[in-house]
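Consider the single chain below, provided in structure tokens and representing the form predicted alone.
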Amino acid sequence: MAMAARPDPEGCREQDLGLFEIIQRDGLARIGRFHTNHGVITTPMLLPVINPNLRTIEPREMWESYGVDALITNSYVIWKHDELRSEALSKGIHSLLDFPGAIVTDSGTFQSYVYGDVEVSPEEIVSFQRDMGVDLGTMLDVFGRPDMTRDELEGAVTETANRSVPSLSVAGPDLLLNGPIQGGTHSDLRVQSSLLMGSSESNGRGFAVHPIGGIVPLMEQQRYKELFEILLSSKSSLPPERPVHFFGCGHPLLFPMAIALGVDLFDSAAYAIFARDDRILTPDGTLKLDDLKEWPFQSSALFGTTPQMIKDLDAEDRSRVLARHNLEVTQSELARCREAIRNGTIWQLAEHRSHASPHLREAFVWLQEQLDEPDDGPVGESVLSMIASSNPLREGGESLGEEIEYRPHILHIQALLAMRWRVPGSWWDSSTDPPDGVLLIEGAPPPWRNSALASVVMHLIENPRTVVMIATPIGILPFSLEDLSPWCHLIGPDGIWDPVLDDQEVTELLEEFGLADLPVTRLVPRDGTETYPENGRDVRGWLDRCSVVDKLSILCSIHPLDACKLTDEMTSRRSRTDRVINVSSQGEHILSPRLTDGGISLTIQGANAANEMHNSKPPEFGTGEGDSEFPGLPRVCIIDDAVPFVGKGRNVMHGYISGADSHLIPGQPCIVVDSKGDLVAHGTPITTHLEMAHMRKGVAVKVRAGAMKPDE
């Protein structure tokens, strides 16, 4: 069946030009939408490099057959070519390239790196990009090579910053501009450059995108550890509302890790350059055509052919076929990365890809070390931000592997557990003395409510003041959190649940919870068929309440005593599989435990009760927040004009927020309040509090329910 031609894009609204919105995120990785005069670009994406003098694949074919929404070409090359320059100025860059989507241009900086100098001034090249109708241009920065001295690199940073305001001034209202970050391999210079370029503006406008410049030599030499150290250092000080572009990076092998660390845009001519050298791209590396007897990695461009058939083509036809394959593989890997962001597995994809290259593996191991013990500098700041912005819970299974403990979302939930979990303040028999023992469940697979509940209840009947814990392959877990992801969704062979901990290991793990001094009973439950006696119902009800209190404390930062008040006179409704699905307090439905990941979803009554527990003023951007371990359910404060809309269930949009609590976690519950602190709505934040402070486009909080009645 013939496919309909892809229609030309519609330009964005005038007020949205240059704005970036976040649709979905997984830590620092984000799916975004960047608004231009020639369409809205979905990121992360690749800008294929087009040489206006040598088009291996025509731009129109890229648009229609490969789904390329934007590309990049070199304005300096066009400027130097009299015929191209004349046509670009008279007909526009889109006509010159025959491409309807967004067009990005470089400025000649890379030519200065290759040839030593360029013949155009910073203002002149920006004016030229403006006059030929470029969507996103680039200022003429100073390329900072890694082999330069520190003094030379400082000069590159300073001179680039000095050129920023004049470049922004001549760009005009329609040309968006890239503000490159320089500084070589020096983290402090990258931070300095990020601060200078991020704050530069003229006539109220700053840069739209920040490329990380000067990194091509590092990629050519496979110095990936330094490459990602540069990225993390720069990210620590860049404006969070602007996309980050990895200048010159276009190999699929690097996409997952770069995206996991916050890259939004890539560009490269590798698809064409490698093809002309008879090399093909794969997600795991590069292959030489001469070495192949069969295709180890297929594409539609190669389907139905053999390597020998491609070798027999003349050089031009061969490069066209291989270039199409390379572009297709590049686009496919980016789609795979975007899907990984959507399902929360981008870090696992980076983990997998790291095994394809010893140099990439070295960089990944270094990243794991940073995650385990973040340093005090800009890299550590970005790493902590990655952990804090990762939704700690995931739906679906979690593949068990040696590196599972370094995954950011698992580090996040373990940090929250260590910081916020407390032993029960009272026991099922109403006693309030300290605990007198620990029951450690071992050798039982999830769901533990089936495999171990009866054993737990019977032990508690005899020993009420017992803290019940579960031994899992990734640490010890309180029984109250037995249905919490990832522990209950670990994927691995059956043997992973066999008892493997020695007494010393048990003591060390319990010490993290402050339980190491208590006597420990280690219990392997029976096959799960046993039942508890009738007098165990009170114990079961107490366990259910402990579960709700602990989740409110850990996931919603509500103090355990307040969580106990919130669940006063708690009753619950169960599913056919005996799982709690609705929780009521004093006759009002306040929340529902989620069956998919063990989290909780509040009702408007529960959100209101949690909001009434706050005794501090609503958050305001620019003011500090206390250092309490339990600052309460995170709040997002909106301006008065937005209250009537959000109060009736509309989402909270960026640009209408006056403050947000810094302990807010994307993906976990929050409440929306007005300037007086009154409840307006509750929902799930998509962005961080820093992004809420700066972004002006897109959904900030996906509202579950508004607090206003329909007729209000």
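So that there is no doubt, residue numbering starts at 1 and follows the sequence shown. Quick caveat, the model's predicted, so the values are computed rather than measured.
There is also a form predicted in complex with a small molecule; it is not shown, and the following applies to it.
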Given that the partner is absent here, state which listed stretch (133-141, 350-358, 496-504, 545-553) has heavy atoms within 4.5 Å of the small molecule in the predicted bound form. 133-141
Contacting member of 256, 213, 262, 606, with respect to the small molecule in the predicted bound form [4.5 Å, heavy atom]: 213
109, 382, 330, 164: which sits within 4.5 Å of the small molecule in the predicted bound form by any heavy atom? 109
Heavy atoms within 4.5 Å of the small molecule in the predicted bound form: does residue 271 have any? no
Heavy atom to heavy atom, is residue 182 within 4.5 Å of the small molecule in the predicted bound form? yes
Could you confirm whether residue 224 comes within 4.5 Å of the small molecule in the predicted bound form, counting heavy atoms only? no
Is there a heavy atom of residue 247 lying 4.5 Å or less from a heavy atom of the small molecule in the predicted bound form? yes
